[in-house]
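The chain below stands alone and is given in structure tokens; this is the form predicted alone.
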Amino acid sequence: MSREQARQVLKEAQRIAVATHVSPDADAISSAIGLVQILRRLGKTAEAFCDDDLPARLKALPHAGEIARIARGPFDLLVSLDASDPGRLGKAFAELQGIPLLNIDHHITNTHFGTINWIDPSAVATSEMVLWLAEDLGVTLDAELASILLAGIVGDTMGLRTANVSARVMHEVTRLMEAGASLPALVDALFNRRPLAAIRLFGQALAEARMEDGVIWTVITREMRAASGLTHANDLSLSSFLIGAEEARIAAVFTERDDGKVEVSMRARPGYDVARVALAFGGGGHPPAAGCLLPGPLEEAIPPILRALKAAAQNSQGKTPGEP
């Protein structure tokens, strides 16, 4: 399914629900807010929803407070953004059955679950794809829209540091900055600011870190979160920190949620692939960054994931830790 076909179905629809995945990150929220603002500027009715609470650092994005937990229709189109499978849309997805579904995503593990699918793994973020849609639909960038979309691109590239950041991406970043977005402010908000509770929980989790066969991993239990007072442990970016260990090929963080489920965040050095592991357990992502959600309990969720990650750590595709 092409970008042109996605543009066409958005032009034809009038009442549009825009959904993104549970445990939302910057790209999920930015792409959802950004697309809603684009559609509203075209005179359409558009609402965003996410079946999960937003991390505190993302609530400061323009219009983030307008995101609902469940979309109330009627709608004539549902757009899924940044979700590799329908399960990632949560319970709210069930409220909108029976209408066309436009699936827009950049994850290579996307299951093409939409009525219409536009999947482009060459994009560094779904927010980048939304930027392309703004261009295709003739919506002019202003400071607010540029800031929303740049937040998603910056978030999914770890501050423009991932291997897929190309000259094209840097050109787009420049255009967004010229429209009024502040790259330094977004990097500071997304990566440099966190509550004291998060720092305390970070320390607890690091104290539990273990290295096994090239895999560095740790856990965040409900008790640890309760002691720190932090609600959104998935907002720590701890797996991204752990993969910095010189001895590590792959990193994983197992987070026990309040509902007993276990969220697994995975990172890999260049040449290693955690997307296949995530996909095998019902999740998705990219070779260097992926995740999945398991039923739990924690002690049962960890062993099979670790076995799969250790196997992936032995498949180096000709590279070793530390190689560019």
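Here the structure is a predicted model, which is why all the values come from computation and not from measurement. Numbering starts at 1 and runs along the sequence shown.
Keep in mind that the form predicted together with a small molecule is missing from the display, and what follows is about it.
Ala290 is the sole member of Ala26, Ala48, Ala290, Ile38 with a non-hydrogen atom within 4.5 Å of the small molecule in the predicted complex. Mapping the unseen interface onto this chain, Glu172 falls outside it, with no heavy atom inside 4.5 Å of the small molecule in the predicted complex. Taking the partner from elsewhere, Ser127 is found to have every heavy atom lying beyond 4.5 Å of the small molecule in the predicted complex. At a distance threshold of 4.5 angstroms between non-hydrogen atoms, His107 is in contact with the small molecule in the predicted complex. Using a 4.5 angstroms threshold between heavy atoms, Thr255 stays clear of the small molecule in the predicted complex. In summary, the region of this chain contacting the small molecule in the predicted complex, judged by heavy atoms within 4.5 Å and restricted to 160 to 168, 175 to 183, 83 to 91, 205 to 213, corresponds to 83 to 91.
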